[in-house]
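Before any questions on binding or motion, here is one chain by itself as structure tokens, the form predicted alone.
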């Protein structure tokens, strides 16, 4: 049984060591493909792999065609839009993610970006505090719950909207449930975005939604860039000089936005949410454990394709 770790952006060594321990204790072989520079290298490496662990690497129909023995692919992280789920299903390959392993890292980044934004990007001028501000969490999953936990320490009033999370779950955690995105954006000074990129959500953060936000509003996006309608965001920010947008998923219009909205817009050079040593280790080892559990016990708990 061969387990391939294919990572253009490699795991930390301690994470690889942990993955190796899990895989080899199960009696399987671990193969590494790190820092590869061409898709052809991935296609060659997957040819005889039974299981595959990836990070932000793309697994499309071409990769799955080449992987004749592949039974399972696990994305070490929460998002899995870099896996072609329909193609995986067509090839009888189980696709999984590792939900929750990066959640604290992403949440800490979101709060850090909030502090930076309300302090005017640390430009030396007087800003505001988060204490007493209304925080809206758009999607109350693993990351959203960690954002709420940390935000309580800042003394924020916390609201959330998630069509799939029962009100009583939020209430039990000291969060006020709201029942539409429009209500969330109209109520809150700061909105932290945690929705996945799906056909329903892509482009859904648009002019009509954003115009509900109160004066001085701040949107923090540590989710996916595809959920933002960039043209309408730019239009809105041109009309609302009080509004700020910070993100760790750089928009296609990054340069234009820097020029237009200096001091009100910030994007990290690459996605940073899971870029901590702890998250790197947690997600990688979780992926290895899920592979072993699937191969040995048929456990498909974290399967994301059908």
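Numbering follows the first chain given and starts at 1. Since the structure is predicted, the reported quantities are computational estimates derived from the model, not experimental observations.
FYI, the form predicted together with 3-phosphoglyceric acid isn't displayed, but the following is about it.
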Looking in the predicted complex, is 3-phosphoglyceric acid within 4.5 angstroms of a heavy atom from every one of 9, 76 and 102? yes
Interface stretch in the predicted complex with 3-phosphoglyceric acid - options 116-124, 76-84, 181-189, 162-170, non-hydrogen atom within 4.5 Å: 76-84
So in the predicted complex, is 3-phosphoglyceric acid close enough to residue 56 to count as touching (4.5 Å, heavy atoms)? yes
Would you please decide whether residue 274 lies within 4.5 angstroms of 3-phosphoglyceric acid in the predicted complex, comparing each non-hydrogen atom pair? yes
Does 3-phosphoglyceric acid get within 4.5 angstroms of any non-hydrogen atom of residue 224 in the predicted complex? yes
